[in-house]
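Below you'll find only one chain, the form predicted alone, shown as structure tokens.
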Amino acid sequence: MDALLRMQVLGRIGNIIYRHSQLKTTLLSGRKIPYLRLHSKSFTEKSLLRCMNSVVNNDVFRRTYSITAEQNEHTSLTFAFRCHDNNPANHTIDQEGLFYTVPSEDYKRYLHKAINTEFSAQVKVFAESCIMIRKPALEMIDYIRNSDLNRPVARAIFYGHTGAGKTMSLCHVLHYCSKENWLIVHVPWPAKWNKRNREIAVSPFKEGRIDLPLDAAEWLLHFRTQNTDLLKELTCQFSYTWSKRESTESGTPLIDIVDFGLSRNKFASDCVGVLMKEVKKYACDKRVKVLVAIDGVNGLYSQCALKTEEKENVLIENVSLVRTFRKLLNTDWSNGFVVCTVDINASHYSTRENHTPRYLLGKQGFEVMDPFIPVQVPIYTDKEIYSCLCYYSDRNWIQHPNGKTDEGLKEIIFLSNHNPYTLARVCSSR
């Protein structure tokens, strides 16, 4: 065997043996290992085996390897990763990168519909809901805390690459406002209203308007879950006639309108419009502070794939739910704050080349939102990604022993490229 091949074998032999659990156990026990056998008549392969057998049974190599293996057995995931203060109003930049636990009742009430399916599955597996305290969310909370609610509503937008954590930052803000007794108007993902195979109906009140009865009823249930207590206290300030036999008088609790929309899906879209009209009026009267949170707001200005029964294309501005929530983005009301995210996946497939708000919102959406506060959500820093890996290890999401060593962590970080979503996918793979 030539000298170059011998050097290559000797240079990699330690890694080969370390990854072989039987050889590693034998070396650490101090016993001689049996000669490796290879069923081949190749002279080169036999030479390689003889070289390997002589090296792994050498006393100097055994002592050196045993020390290295024992060091690698100890995990490097020893960072503090939990925040013991679970009130988002008390979080500061000193706690950046730490995970705080969302109480089970708060998660079910405020965040259950706000997160994606992957994180929802993690919550079930981990038996807890934890959110990392990150700088973008703290910055947004600081804007809300210091905003002048007597002036027209301020608008702010989370933006960043796919999987960077925009939705989770929005969840942190949602949890903060819910604990501060704000009324929450949360729209999880309006882009789904633009897709085909949605049940549509012609509006009974506006000619040419398209209703989405099931989607509207789903949102009403979500709205009631998040604001049950406030909806019982607030009453209608106007009267509404739904049909010849059905009407709502002024003074009726707003929760009754929600229940009516849930029982009569035909009027669910109109009930959403009525509720938003009442909410804006109460906000202007300083009766309640309102947070409007829309995840993927560019979906309200994307191309629409809906078709009528006559196979005619539906314009996005003719969808009742879209029109209703677009009105909340205007600055004709006060005592509130608008927080949105823009996401590539919420746009039409033909407009997914850039992640900036100007590109994703388009001309129309940008003119509506301008001026707004842009808050970039970057990928994980080194501190954040090691904190996340510590959390995954604590929850046994990382189970392989090599995944907890320095080399294993470096490989996971390299594969994820510091992207939170990709990191979760890499750690969940076998």
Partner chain sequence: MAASCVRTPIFQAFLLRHSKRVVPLLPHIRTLRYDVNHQEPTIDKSKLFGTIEEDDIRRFKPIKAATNDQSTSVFYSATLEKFINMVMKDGKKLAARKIVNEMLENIKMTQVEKFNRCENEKEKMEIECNPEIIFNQGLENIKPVLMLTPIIKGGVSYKVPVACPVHRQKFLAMKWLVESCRDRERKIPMGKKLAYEIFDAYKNEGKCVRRKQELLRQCEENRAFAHFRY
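Here the structure is a predicted model, which is why all the values come from computation and not from measurement. Residue numbers count along the first chain shown, from 1.
The same protein also has a form predicted in complex with its partner chain, omitted here; what follows describes it.
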| property | result |
| --- | --- |
| Exercise: W397 in contact with its partner chain in the predicted complex, heavy atom 4.5 Å | yes |
| Contact label in the predicted complex: Y143 to its partner chain, heavy atom within 4.5 Å | no |
| Proximity of N402 to its partner chain in the predicted complex, heavy atoms at 4.5 Å | yes |
| Exercise: A127 in contact with its partner chain in the predicted complex, heavy atom 4.5 Å | yes |
| Which of 353-361, 233-241, 117-125, 148-156 sits within 4.5 Å of its partner chain in the predicted complex, heavy atom basis | 117-125 |
